[in-house]
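Below, in structure tokens: the form predicted alone, a single chain.
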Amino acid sequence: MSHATVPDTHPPAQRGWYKRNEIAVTPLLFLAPAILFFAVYVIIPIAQSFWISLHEWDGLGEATWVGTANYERLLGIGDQNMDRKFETSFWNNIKWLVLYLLAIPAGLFIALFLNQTVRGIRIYKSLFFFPFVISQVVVGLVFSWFYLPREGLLNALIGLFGFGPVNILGDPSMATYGIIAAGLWPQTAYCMILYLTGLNAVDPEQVEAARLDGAKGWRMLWYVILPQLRPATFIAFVVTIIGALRSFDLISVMTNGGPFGSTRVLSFYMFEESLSEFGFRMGYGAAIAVILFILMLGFIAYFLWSMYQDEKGGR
């Protein structure tokens, strides 16, 4: 005897809002702490710096609204002359920016050398990696001893060729370049690490196909290897530009802005105006910080746009 199946007349259980939107909401919940910390420690301080730059404030008392007066004095707008210290700092930052970019090709060629499978390559990698793991303060001290006019290793080396002693850090025309050379040492090591990581992701099939087509040497590097290293190159450019524009540690350790203020950069001048014993002009220092931020933002936006255009054109 057959039994008829009784249809289920109960309506389906209603799912809650979270269950209905779980796929969309869960990633946001994981990102929420990072977004919160980024907003509190990055976005809000940037906005506060813009606001403080429109005031005259010593950091303790009441802030006085001055509008764009700090920027007018910095840039020499109207009947005022440009701040000479700011002008020197700005052009020193340009020197840092141009010469610091030498770390990128230097890091690339060192990475290409270290990517070989030869005997003792791990020792070479350790030696080239070493500058990256030591503090900028230590780098500054080491190069300060290296540049000493009498006892320094640099003058001992050039003395072997019959040249007299050179006071790198005591000469206003040479001190900035001496500090940049010190900064290039760890920065090159950082770029080398980026390119070593990128070289591990290079497609061996493309390399082999290029070899069969007769590509080698510079043609292999330019047309096959470098296009696959674009992500590493982009990161190297961004990090190097930020490092050049916010250079502070080496200048503070090696010259403290001297001789005669010739090695100041914007970040160091901002510190002098805001927090040093001669400063406590928070509004003026914040205006310098805003200009430095806009410079960084402009360069990074340009590289992001260039990378976006390359990706768009490659589709």
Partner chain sequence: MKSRKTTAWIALCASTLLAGPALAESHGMALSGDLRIISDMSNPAPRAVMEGMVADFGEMHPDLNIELTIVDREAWKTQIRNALGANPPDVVNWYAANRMLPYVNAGLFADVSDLWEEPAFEALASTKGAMTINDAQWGVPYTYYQWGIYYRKDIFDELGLSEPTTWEEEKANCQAILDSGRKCYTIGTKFLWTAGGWFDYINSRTNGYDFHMQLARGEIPWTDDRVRQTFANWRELIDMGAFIDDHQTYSWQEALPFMVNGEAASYLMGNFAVAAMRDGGLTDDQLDFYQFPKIAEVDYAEDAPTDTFHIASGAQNMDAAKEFLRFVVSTENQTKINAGDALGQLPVNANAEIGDDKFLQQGFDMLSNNASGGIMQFFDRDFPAEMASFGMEGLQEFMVFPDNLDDILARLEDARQRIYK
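Numbering follows the first chain given and starts at 1. This structure is a prediction, so every number in the text was calculated from the model and none was measured.
What comes next is about the form predicted in complex with the partner chain, which does not appear here.
Peer 1: Quick one: which of 206-214, 89-97, 143-151, 233-241 gets within 4.5 Å of the partner chain in the predicted bound form, going by heavy atoms?
Peer 2: This holds for exactly one stretch, 143-151.
Peer 1: Which residue, G76, G170, P227, G159, has a heavy atom that falls within 4.5 Å of the partner chain in the predicted bound form?
Peer 2: Of the listed residues, the single hit is G170.
Peer 1: Under a 4.5 angstroms heavy atom criterion, identify the one residue in A39, A63, I46, L275 near the partner chain in the predicted bound form.
Peer 2: After the contact test, the surviving option is L275.
Peer 1: Is there a heavy atom of L266 no more than 4.5 Å from a heavy atom of the partner chain in the predicted bound form?
Peer 2: Taking the distances in the predicted bound form, the answer for L266 is no, it never comes within 4.5 Å of the partner chain.
Peer 1: Can you tell me whether N256 touches the partner chain? I mean in the predicted bound form, with a 4.5 angstroms heavy atom cut-off.
Peer 2: Yes, N256 is a contact residue.
Peer 1: Give a yes/no on whether K85 approaches the partner chain to within 4.5 Å in the predicted bound form, heavy atoms considered.
Peer 2: Yes, K85 sits close enough to the partner chain in the predicted bound form that at least one of its heavy atoms falls within 4.5 Å.
Peer 1: Given that the partner is absent here, does H55 sit within 4.5 Å of the partner chain in the predicted bound form, heavy atoms only?
Peer 2: Answer no; every heavy atom of H55 is more than 4.5 Å from the partner chain in the predicted bound form.
Peer 1: Let me test this: is every residue among W51, G67 and R246 within 4.5 Å of the partner chain in the predicted bound form, going by heavy atom positions?
Peer 2: Answer is no for this spot.
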